[in-house]
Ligand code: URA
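Take a look at this one chain, the form predicted on its own, written out in structure tokens.
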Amino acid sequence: MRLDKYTAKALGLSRSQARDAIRAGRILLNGEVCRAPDAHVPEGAAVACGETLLCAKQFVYIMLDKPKGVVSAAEDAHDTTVVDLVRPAFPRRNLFPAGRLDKTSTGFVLLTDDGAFAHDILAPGRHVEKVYSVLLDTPLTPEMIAGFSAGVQLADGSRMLPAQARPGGQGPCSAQVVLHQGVYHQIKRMFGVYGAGVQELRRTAIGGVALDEKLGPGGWRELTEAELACLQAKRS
């Protein structure tokens, strides 16, 4: 990576601002002042601004607890987006949600600027599991559980992949659902086949990585190395 690009990523600067900092002698490459913006930063090199060691990540991976009323998009002309919630901390990152939740739904949304990673996580053939807590307007029944396991046929005739529906432990109307695909309003449409309405829906895990419930609505943090490794294993 070029030194100006590395510096811009690490400090959240524009490329022109990074070049100015480099030419002013503020950036050290392996302990020596480097005034060449196009200098190559070798693997494992130490880049510092004064006494502060810089780390320019190629990509970022963020766990966000999406609140109600926020849309799963990179930008929207009318509503707050999931990217808006983290933009102040990543002003020059082209973040987007890897997967969506309805505006009224809550829980785990994965934000990244790694397009290849997102494609692999979302690819239909990968069947990366997603776990949801669901509150219905009617009790969960054995018929629903069996139907989900067999693969629900929606009202439009399309058949979903087998999924898991089981009691959620918060009363007869609560359920935990595990999906292995992503279809528009899938859970609502699946329960709708059985005349059940979804009152609340919260995503609690993606690909074996559980939502950190300490975050709270609108809270976020970067994935740990272990969490990222767990998701990356789903890509193969």
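All values derive from a computational prediction rather than experimental measurement. When you see a residue number, it is the position in the sequence shown, counting from 1.
In what follows, reference is made to the form predicted together with uracil (URA), a form of this protein that is not presented.
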| property | result |
| --- | --- |
| Proximity of Q176 to uracil (URA) in the predicted bound form, heavy atoms at 4.5 Å | no |
| Interface membership of F108, uracil (URA) in the predicted bound form, 4.5 Å heavy atom rule | no |
| Interface membership of H185, uracil (URA) in the predicted bound form, 4.5 Å heavy atom rule | yes |
| Touches uracil (URA) in the predicted bound form: D76 (any heavy atom, 4.5 Å) | no |
| Region of this chain that lies against uracil (URA) in the predicted bound form, out of 51 to 59, 185 to 193, 35 to 43, 165 to 173 [heavy atom, 4.5 Å] | 185 to 193 |
| The single option of D102, D137, E129, D84 touching uracil (URA) in the predicted bound form, heavy atom within 4.5 Å | D102 |
| Residue among M63, A205, L28, L201 with a heavy atom within 4.5 Å of uracil (URA) in the predicted bound form | L201 |
